[in-house]
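Okay, here we've got a single chain as structure tokens, the form predicted on its own, with questions on binding and movement later.
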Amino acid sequence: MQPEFAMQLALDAAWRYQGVTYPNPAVGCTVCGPRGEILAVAAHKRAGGPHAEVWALKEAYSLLSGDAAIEPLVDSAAIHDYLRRHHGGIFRDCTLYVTLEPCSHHGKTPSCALLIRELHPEKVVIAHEDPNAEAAGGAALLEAAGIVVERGLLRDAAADLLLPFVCWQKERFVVFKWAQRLDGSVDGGTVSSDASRSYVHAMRDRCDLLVIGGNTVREDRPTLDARLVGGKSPDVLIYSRSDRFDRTIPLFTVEGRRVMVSDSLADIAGYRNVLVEGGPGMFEACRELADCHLAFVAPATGGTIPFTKSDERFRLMHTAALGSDLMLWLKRE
């Protein structure tokens, strides 16, 4: 088993939760046995929940030990405690592949680096150092304990995964999302699959602000909530030259939400995690504002309005199947 393959498994696992772990980064971890066999692959799923390393170590422990008592545990501190009390040196010949340096501090969850130090695997391979000074230093803790630490495997790919987190630390992250068919059309009713829409609702649950164009509001009369995942509804900025809207449109009636109407995108100031949903007009308006783009491509044709008529080139950061759709994370070149 090649180290690059193990790290890629960790990266792919993390991308499945990109955009839904705010304010934490998306992180993945692979645990391999002494012969390179894959014991576990896991990712961080939500802020406040177990980190990727903890999920992966829990799964690997259950497989290696046959001890099923750990399986019902979902609280991070409880998993940490169980592994500390029962590991029995079972990880001594194992290697961990982690997309981000294990955290050294105790925040909403205990330190992953301190747990790994106690379990003492043979090696920890880290794709990218932690850019958050408060949590950094985990690699040094592991090395001081005699654990072999290797850095930089697939670092560029890990940097793409880490982009939202880096943007949050500096100011804000803005992602532009759209759904299209194979012919590039974005009109004519629902485009993407149920799985894709649920994913977007999960992103809405974690974002501070959702930006949408005025024409879309008038024509679609949306709610713009996170009902498919039972989540919260973000504030909404309607980008429009006119403030004339039917206030019975569902998005205006969501309790506890702030709705702004403006012909300027400067109103995103004060928000850190911004999701823009739209078509050609919003794409043009956010051309220089978006940090990356997220496209859902449905295996169908039939619309009339193309996503854009302008010449654009994107760098593909990640792609995966989601329901019947293809999900593309893109960086505009």
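All residue numbers refer to positions in the sequence shown, first residue = 1. Keep in mind it's a predicted model, so treat the numbers as computed, not measured.
Keep in mind that the form predicted in complex with another copy of the chain is missing from the display, and what follows is about it.
Phe245 falls outside the set of residues with a heavy atom inside 4.5 Å of another copy of the chain in the model of the complex. Using a 4.5 angstroms limit between non-hydrogen atoms, Asp67 is distant from another copy of the chain in the model of the complex. Proximity of Gln180 to another copy of the chain in the model of the complex falls within the 4.5 Å heavy atom cutoff. At the 4.5 Å threshold, heavy atoms of Gly48 stay clear of another copy of the chain in the model of the complex, well away from it. Residue-level contacts in the model of the complex: of Asp291, Asp267, Glu59, Glu277, one residue has a heavy atom within 4.5 Å of another copy of the chain, and it is Glu59.
Of the residues in 305 to 322, those that come within 4.5 Å of another copy of the chain in the model of the complex through at least one heavy atom are, in sequence order, Phe307, Thr308, Ser310, Asp311, Glu312, Arg313, Phe314, Leu316, Thr319, Ala320, Ala321.
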